[in-house]
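This document starts with one chain, in the form predicted on its own, laid out as structure tokens.
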Amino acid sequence: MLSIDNVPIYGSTCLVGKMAAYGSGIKRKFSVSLKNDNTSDTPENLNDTSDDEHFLSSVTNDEDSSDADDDHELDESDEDDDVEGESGSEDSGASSLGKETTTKDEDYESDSDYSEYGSEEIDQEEERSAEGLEGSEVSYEDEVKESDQLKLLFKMKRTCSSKIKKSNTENSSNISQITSKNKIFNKERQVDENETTKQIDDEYKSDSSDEEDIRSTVGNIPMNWYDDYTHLGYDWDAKKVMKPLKQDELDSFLKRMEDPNFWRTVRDPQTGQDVVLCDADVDIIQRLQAQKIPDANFDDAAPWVEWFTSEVMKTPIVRVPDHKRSFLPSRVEARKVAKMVHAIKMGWMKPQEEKKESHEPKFFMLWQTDEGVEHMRRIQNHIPAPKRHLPGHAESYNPPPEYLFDKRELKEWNKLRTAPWKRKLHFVPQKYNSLRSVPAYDRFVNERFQRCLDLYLCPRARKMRLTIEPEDLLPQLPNPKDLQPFPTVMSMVYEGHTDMVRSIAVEPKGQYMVSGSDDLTVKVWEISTGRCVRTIPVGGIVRSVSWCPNQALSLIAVAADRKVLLVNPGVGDHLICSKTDSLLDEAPEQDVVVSERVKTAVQWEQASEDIWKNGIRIIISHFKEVRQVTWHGKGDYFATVMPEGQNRSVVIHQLSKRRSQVPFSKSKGLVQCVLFHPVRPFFFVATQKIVRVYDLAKQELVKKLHSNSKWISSIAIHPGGDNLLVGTYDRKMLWFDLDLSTKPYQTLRLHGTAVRGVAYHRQYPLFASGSDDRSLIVCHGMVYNDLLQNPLIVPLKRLSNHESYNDFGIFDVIFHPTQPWVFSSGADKTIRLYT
């Protein structure tokens, strides 16, 4: 870089070439005149100097009008630059360049092409001017010319800088320009980093720990990604958030001894800065450590606000009046009746004697109303005749053409001859030119006779008529808005199966879901994202899946054709998955002799190595097709159903001992599904029409529930264990109160086709049903601890988002264990989540 009187000039090659064009003698005068111009205090010189000082900071004035005039002279100077630069003449301006710059300029001159800056005519003119200057003596006129050339040189210098700036961006081989540019860029970068660090320090002085720290906008990512960088992220203005200076152990120890606030200083991982906690933050942390409510002003003994009323309106569910058995007389009335009965027995009181019917003939006055009673009725209790409606346009003798019947309307009118009350009009509109053309009414005699018959046979009389609207017969149920939360909208669709999805089950923690389909696979889904985590081929149509309720095991029972597979999905906690594999790896020793009846029905097998990779751990082979598999609440026992197995259709398996047993010796019918009681040792077995309840501890039949339906499809039990929900193929949903009766407490006919799945929610008072009409109906079912208070059942929402496929709709319905969400699987190969 060349400097003239402390004014930096970029593009030293251009300047040296211009000075070499005037010869060595003129160069000396050029340097002297520069000094003279610099020392002078004229306004012009001052302006020129200011322009020179600022021309580096404004590098973008390529299009300036003042520079455009000098482009021609710049081209001339560039041509001479080539000649004089190669001659190696002693140049005072070039001598001020450093060695590094000179070397780079020589490389630049040897490699670059200056043909674009000049032409042959300009070269000849410059050679003539150079020869004349060298031969003549320096005079006053020459000095004036030199001053003019000096001004021209300054203009050229400014134009040259802009041109070189443009050539830097176009030609990346200019090493000297890149070096100078890098130096400026490094300086600017250092200034920006200092300003950013200063700005960050100023920001942290006013830091408030109550507000969210949004200085670094990188988001929730691992901060170890920035270990090899000097910054920790970027702020809102896209500037780097620099890391603070690291202190050694001695400095931190001294700071710990000297800083009184060291015990309340924490390190912010997002920005790497030390933040001093205020008294309020320290108070909150101390309250949390003491297991207290963080807000000191919160009143935990405030009076209870009852958001939902606990008083339920006592309304009848059905229209049938109460039976006489439900009448309980009061004690006072009972004493009165007892006294009367005692008095009648003792003879103190005689009942009224019955009137003896006389066998004499009875006579009635047939024309009694003609003696004046009817006349008085017409005067005192007059009944006006009903008013007829005013005639319309259709009854005119010249109606508009749109009121006349066409052939189709006339045909419909004649078709309703046997049911004239269904006609819109009791006549056919006709058109006449004038009133004089209207004939006599052809049905006059007939209608007068009908009128006389009405008066004779049906005289007008006042009768008490009770008007009951259909809405008045319905019980007054609460508004569904007062019964929230419940699912109202479809939030997610799980797609991936290629055939009907028959069964679904949710993990006890509510993070994953498993589904079984006719495409011979089982898929494990992540509920929150809808991502299919794993696909397990099972080699058969999956009719039922069930997740083990024991959270210490990661196990799924899958019923595929005649096999029940115990699968470890390998999702969730890896420690639990490895523990499950270690438990199922070795079979326990059998200390009990298995009977031939059980051996022929069920056989346990350890999975081979090729299917162990798919997650299958144990295979239980059955002698018939398995339709359902269900777990006990503790997760050790599970039951399977084979409808075609007759007296061995229900088998109960124990996982810990790998043992099976057939509980029934006689066939009670075609078993559809079974269920374990959540609390008591009860076992529910549903055949086509009856649900039997067995006590497993006493090994006896406890109760028979009569469904009054043709075919039971599915059952579900309330988490409390006192209410049972039964779905049937004849479009009904039955609610049984086990403490009340063996007959349904309520029958819900909400679906138009077969109900295939029913389910209760574990925590919320909700139950749902899915049907082949593609609709999922969510209902409110509140069960009270008071035995005298009946359950409250209110239908809430109908959700119809599934598509029909071969007359099938929804196969299975299940609730989320903790959230008020419901899942449904259908014949349209999808699983849908409603929230």
Partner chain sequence: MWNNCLLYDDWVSAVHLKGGWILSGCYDNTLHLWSAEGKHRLTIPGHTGPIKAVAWVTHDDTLATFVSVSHDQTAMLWEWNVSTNAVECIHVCRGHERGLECVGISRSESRMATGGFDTKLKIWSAAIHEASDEGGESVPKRLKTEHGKSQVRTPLMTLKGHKEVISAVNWTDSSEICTASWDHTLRLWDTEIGGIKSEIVGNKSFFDASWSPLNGTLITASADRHVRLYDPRSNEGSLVKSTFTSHTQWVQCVRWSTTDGHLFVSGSYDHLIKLWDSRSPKVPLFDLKGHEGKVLCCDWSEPELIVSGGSDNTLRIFHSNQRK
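This structure is a prediction, so every number in the text was calculated from the model and none was measured. Positions refer to the first chain, counted from 1.
What comes next is about the form predicted together with its partner chain, which does not appear here.
*Asks:* Among the candidate stretches 484-492, 634-642, 659-667, 270-278, which one is within 4.5 Å of its partner chain in the model of the complex when only heavy atoms are counted?
*Replies:* Comparing against its partner chain in the model of the complex, the contact stretch is 484-492.
*Asks:* Could you work out which of S528, N433, T265, Q590 is the residue within 4.5 angstroms of its partner chain in the model of the complex, going by heavy atoms?
*Replies:* The option sitting close enough to the partner is S528.
*Asks:* Pick from K509, K411, K314, K422: which has a non-hydrogen atom within 4.5 Å of its partner chain in the model of the complex?
*Replies:* After the contact test, the surviving option is K509.
*Asks:* Does any heavy atom of W821 come within 4.5 Å of a heavy atom of its partner chain in the model of the complex?
*Replies:* W821: contacts its partner chain in the model of the complex.
*Asks:* Using heavy atoms and a 4.5 Å limit, would one call H574 a contact residue for its partner chain in the model of the complex?
*Replies:* Taking the distances in the model of the complex, the answer for H574 is yes, it comes within 4.5 Å of its partner chain.
*Asks:* Even though its partner chain is not shown here, does T835 get within 4.5 Å of it in the model of the complex, heavy atoms only?
*Replies:* Judged by the heavy-atom cut-off of 4.5 Å, T835 is in contact with its partner chain in the model of the complex.
*Asks:* Can you tell me if Y764 lies within 4.5 angstroms of its partner chain in the model of the complex, counting non-hydrogen atoms only?
*Replies:* Y764 belongs to the contact set for its partner chain.
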